[in-house]
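One chain comes next, on its own, written as structure tokens: the form predicted alone.
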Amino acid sequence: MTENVKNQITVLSGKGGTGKTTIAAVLAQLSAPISLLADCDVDAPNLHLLMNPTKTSEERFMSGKLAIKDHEKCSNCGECFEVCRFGAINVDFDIKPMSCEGCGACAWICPTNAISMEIQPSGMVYEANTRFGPMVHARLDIGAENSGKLVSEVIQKSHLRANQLNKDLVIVDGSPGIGCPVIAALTNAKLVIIVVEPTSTAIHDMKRTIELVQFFKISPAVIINKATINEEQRANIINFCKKGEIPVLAELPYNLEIYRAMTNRKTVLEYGIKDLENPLSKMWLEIKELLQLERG
């Protein structure tokens, strides 16, 4: 089995819209010679919109089971209808695929073995090239579940590909929140960067994310985005991190040019936003020191 790449940065945010993907894209640019980029926000991926990847391969992701009925075997006894707790079987004893949770109760109770549980396609995994190097990303099908498993598949493929290409670093753009996809995106992480904005909601969610990361004994660090919109809340973040000995890698001022950069499908450094260049450069130097990166 191929060994994992020595270093992985996972970029998270307790809530959506804090700038997590913006930071992941900047990291990909700054580390371009030595890194591979992985988008693990499979439920609502958007990093590909910024990276404009050229697809090199795609693979159907199979996960989760669906109840399938054999009408010829069915005796219309109705036991499946009685046992289903998700409303996935109607009064004619037909299965509604979008309502099926794959629990298997109907197949277990069916006296004629007319129902079987069959594994289903639930997403796509892509390998691609970008202007900053290789990328692995994925998309969960509409209504499909097991996004945590799909994230794990992206992580595994990312490390396999990074080893093949002699990369030192995998940069993971994770999902917001603290759910199963986030936990899966922590696999192999040596450093977790939590992007937070100075609002009470974002700070609350940042604290929950830090608690999750530390539970898995991974080192967290923080980036304050839109740092100038609320000085009091910014100070609250700084004080919290200082007490917890959590490094604050950068404080990025609010700037409308960031949104223009995104709509032009460029990173903030490519777009030339001057007041972000210095803090982002210092951020990358500190990350290299934390991870003891020799290249890049």
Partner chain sequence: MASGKGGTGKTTIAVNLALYLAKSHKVALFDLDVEEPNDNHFLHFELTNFKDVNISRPLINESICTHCGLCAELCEFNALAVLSTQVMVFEELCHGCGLCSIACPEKAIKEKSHRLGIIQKSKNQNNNLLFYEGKLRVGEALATPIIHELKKIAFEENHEYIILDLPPGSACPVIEALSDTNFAILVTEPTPAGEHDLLIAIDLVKQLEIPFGIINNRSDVGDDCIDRLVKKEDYELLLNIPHENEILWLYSNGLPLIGTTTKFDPMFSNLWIRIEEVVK
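Not measured: the values here are computed from a predicted model. Numbering follows the first chain given and starts at 1.
Omitted from view is the form predicted together with its partner chain, to which the following refers.
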| item | value |
| --- | --- |
| All of P45, S200 and Y254 with a heavy atom within 4.5 Å of its partner chain in the model of the complex | yes |
| Candidate from A128, A105, M124, C77 lying within 4.5 Å of its partner chain in the model of the complex - any heavy atom | A105 |
| The single option of I238, M262, A32, L269 touching its partner chain in the model of the complex, heavy atom within 4.5 Å | M262 |
| Stretch from 128 to 136, 88 to 96, 67 to 75, 106 to 114 whose residues place a heavy atom within 4.5 Å of its partner chain in the model of the complex | 106 to 114 |
| Contact set, 203 to 240 vs its partner chain in the model of the complex - heavy atom within 4.5 angstroms | H204, D205, R208, I229, N230, Q233 |
